[in-house]
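Two separate entries follow, structure 1 and structure 2, each one form of the same protein chain as structure tokens.
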Structure 1
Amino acid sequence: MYLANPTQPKAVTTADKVFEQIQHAIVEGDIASGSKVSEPELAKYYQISRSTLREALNRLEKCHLIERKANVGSRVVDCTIEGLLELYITREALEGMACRQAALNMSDKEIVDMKAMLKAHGQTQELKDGVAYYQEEGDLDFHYKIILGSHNKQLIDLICGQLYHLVRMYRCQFGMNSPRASRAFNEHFQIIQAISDRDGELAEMLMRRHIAASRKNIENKIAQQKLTEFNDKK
């Protein structure tokens, strides 16, 4: 299942449906990062007019999944290390604020449901083995639910409408295995407990630390890879 912006109506027009289908294909890697977008081929594949396709592509550009350049055309964004690190810095600020807002606005039932979801996450074999912590998108994704729990339409639009699927794309591109799997899961529990206690300041701090730790883990991986490549060349 793939999602549109939860603040927007569900897909009803042909452009809506094509937008979601192409979005899903890009996120899952069925349309490769960095690949050129051929409007004639896509229009033929989806059996739609070029004007309908352009409407879908305009929305994909707003989601930062494709980019357009003069005299070059449209391309799927490249998944670069620099882009990933910039995305994590942005997430740290925005999701930290979403956490603070969730502590103020999330209902008791939403908090109970979040805790139940985390317990279900804890039963996955990959997490028990401490090798990966994979969350299905949308209502089974801890971060997504926190953002919705903020009940702040501007934050929801910024993160879910413009950044969420870009984050998913990077996750698919770079893989889910992480030595932080168990620790990240425990950090999620600490965050939801702070929200349950209605401590917005603590919730924001914990979320920012959580995302910053993930970014640091990525930076360490990059440094190790570069060192390995350097040694291999000797």
Structure 2
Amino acid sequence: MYLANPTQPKAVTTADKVFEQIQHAIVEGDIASGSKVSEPELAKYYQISRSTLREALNRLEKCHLIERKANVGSRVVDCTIEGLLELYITREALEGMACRQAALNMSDKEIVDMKAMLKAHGQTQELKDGVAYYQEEGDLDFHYKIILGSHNKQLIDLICGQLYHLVRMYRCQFGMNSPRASRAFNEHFQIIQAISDRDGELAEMLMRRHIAASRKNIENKIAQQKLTEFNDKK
């Protein structure tokens, strides 16, 4: 599963391309979360100079996929439960506000397009019920469109340019394939309705609940996993 980020400018320079490759590798877990990143090693692997690689690393740091310490080096961020919850709390704040702004700033055409998209998703969902794969893609599409609809560069950059890389990483690595597809779909529908009514306050509230529900869902799932592990040990 890999979905392009609609706000990410297409790669022109080699540093850009290598950045995208490493980004992909980290998100998908091919480069283990928490592992150290060796500059000479990676430079050799991608057949580029260290300068170019460092440029790529800088971009990875910008979207919070790696962390650097002076004179020591870079590490891939490690996926922890605390980190995941912190991420979702931040999403709740930012996407909630983005949704409010979208209700105020989206053009009528944008709203029509979103409704059409959601309708299309609803139909494929009926066909492929239970198969969360496409729904997953649809979910991200939905969120991206609302964020872009806020017409707020600051919000767009923070959420799409930074948070969502991490969101995708956690989704991949914790194997969260949207176990609540139909409920999420209904929530999406309500949100669109609020935006369509230009009700910013309600739109923000619904989006916050939507993300909070997702967070609680994860918390439960993890608690369940721990329980299973505990039982397996016995």
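Between two forms, the rigid core is the largest collection of C-alphas that superpose within 1.5 Å. The structure displayed is predicted, hence computed values, not measured ones. Counting starts at 1 with the first residue of structure 1 and goes up one by one along its sequence.
Two forms of the same chain here; which is the form predicted on its own?
The form predicted on its own is shown as structure 1.
Rigid core superposed, CA of K221 - does it shift 2 Å or more between structures 1 and 2?
Yes, shifts by 2 Å or more.
K109: how far does its C-alpha move between structures 1 and 2, core aligned, in angstrom?
Looking at the C-alpha of K109 between structures 1 and 2, the offset is 3.2 Å.
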